[in-house]
Structures are given as C-alpha cells and as structure tokens.
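Given next, in structure tokens, is a single chain: the form predicted on its own.
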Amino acid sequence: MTTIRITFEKCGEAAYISLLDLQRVFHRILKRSGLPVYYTQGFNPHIYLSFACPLSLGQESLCESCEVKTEAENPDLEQWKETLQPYMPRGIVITRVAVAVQKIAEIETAVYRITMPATAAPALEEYNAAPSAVVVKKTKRGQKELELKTYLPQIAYTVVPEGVAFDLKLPCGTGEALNLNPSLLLGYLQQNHNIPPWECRVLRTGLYTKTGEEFC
C-alpha cells in the first residue's frame, strides 16, 4: 500500500469551497478518473482521503494537499496529475503528485501572505504600538482568551498596489497541537479599527515541519 500526496493550489472562487464539499469533489473526481485508488473495507466502501490542515472558508492557498492510497505498483504519478486536472473546479490547480514522505502530524507552522486596503496602515501601526492585543479563540472545549502579541509582537508591512501586505508565520498543527488562524488578527482589526475583513486577502504560501522543512 502506497500513500500518494496530491498537492494543489486553491485560489479565486475555489476559496469558497468548504472542506466537506472539497472532500466530495475529490471523491467524485477520483472515482470518475478510474485511477487505482484504495477503497476502505466494510458495508459502505469509500475512497480513503485525508487533507492536511484544511483552510478556513474564503482563504486561499498555494500549498493544499490531499492524501489517497493505492495498491498499484510503481504508479505513473505524472499520469495521475494529467488525468485529474481536467476534472478540477476553477481555482484548483494540481501542482504535484508524489509518494508521501513526511507525515501530516509533522506540520508545525504555516506562512500566510495578508493583503489589506491602504486604509489599514494606521491600524497596523497602532497594533504595533499597543502593549497588548487580546482576542477570543474558539476551541472544542469552548472559548478562551489569547494574547495575540505573544505570537505576533510586530507586523512589518510593505506598500503594494493593492494597499499593504505582510507575511505571518503561525502555529499550525493537527490533533491537540496549537493552531492559530489569521482570522484572529483580522477580527481584532475589525473590532478595534473597523478594518473590513472581507476586503482583506489571506493566502497560505507554505506549510513547515517541526524541523523547519517545507511540507511536501
């Protein structure tokens, strides 16, 4: 049994495909493709699928991935890529199909590129000057307060044609690992500085393991 990792971009209108719908999309595409994917055993067999650190609705990414299994020996993975891409919805572009080496549990951080309107610059300056920035994070056990400055003490932004932009590196993991979403910062800026989050773009550019290697 071999685990295959399908890496893809999820941009534009595809950002509004939820995880549940994305699972349905991949299940139907893989079934239609005729590729030798592994089905679970039991009364209702289905294709084994696993997504690494799924995005929040409305966020874009250059580094999403889906794992499937195959019992085929020496699968032609370039052929897999060519077979799957024509079935994909607009905004989903397969960039790589390869045998999985790193495990999803090894992911520790994610890097995001945030783009905001020019009017956000004074708000970011105030954030940098503030001694504290407390937000409320929802968890499986309820809600808890979180000091955003612990993870984002300063935001170094640059001026771009769209307004201002900056990169964030945040904890990102599975299970009980700490997982921080850029929407926490956007919510803080909306609540305290009236910066509309719907005018901001969140683009995940990379996932990294505990050793600092790029996840692939």
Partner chain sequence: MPELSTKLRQALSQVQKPGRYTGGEPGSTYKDKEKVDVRMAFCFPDTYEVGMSFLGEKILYELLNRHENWWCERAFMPWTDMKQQMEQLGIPLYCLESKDPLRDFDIVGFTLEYELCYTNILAMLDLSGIPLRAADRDERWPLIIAGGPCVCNAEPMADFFDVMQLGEGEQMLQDICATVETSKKQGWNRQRLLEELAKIPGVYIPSFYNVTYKEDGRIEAVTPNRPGVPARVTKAIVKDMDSFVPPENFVVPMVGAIQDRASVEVLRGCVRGCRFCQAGQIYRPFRERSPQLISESARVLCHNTGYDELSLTSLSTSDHSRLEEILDRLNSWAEADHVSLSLPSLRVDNFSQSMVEKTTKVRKSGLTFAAEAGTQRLRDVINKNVTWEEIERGCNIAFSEGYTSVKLYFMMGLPTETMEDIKGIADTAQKVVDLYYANKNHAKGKGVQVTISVACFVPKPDTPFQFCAQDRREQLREKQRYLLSCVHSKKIKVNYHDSATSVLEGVFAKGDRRLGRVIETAYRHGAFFDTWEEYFDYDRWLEAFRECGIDPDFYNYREIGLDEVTPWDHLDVGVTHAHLVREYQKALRAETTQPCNRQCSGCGANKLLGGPCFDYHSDHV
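Values in this document were obtained by computation on a predicted structure and should not be read as measured data. Residue numbers count along the first chain shown, from 1.
Here the subject shifts to the form predicted together with the partner chain, a form of this protein not shown in this document.
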Residue contact check: residue 160 to the partner chain in the predicted complex, 4.5 Å heavy atom: no
Interface membership of residue 90, the partner chain in the predicted complex, 4.5 Å heavy atom rule: yes
Touches the partner chain in the predicted complex: residue 207 (any heavy atom, 4.5 Å): no
Distance check, residue 28 to the partner chain in the predicted complex, heavy atom within 4.5 Å: yes
Proximity to the partner chain in the predicted complex (heavy atom, within 4.5 Å), stretch among 31-39, 62-70, 150-158, 163-171: 31-39
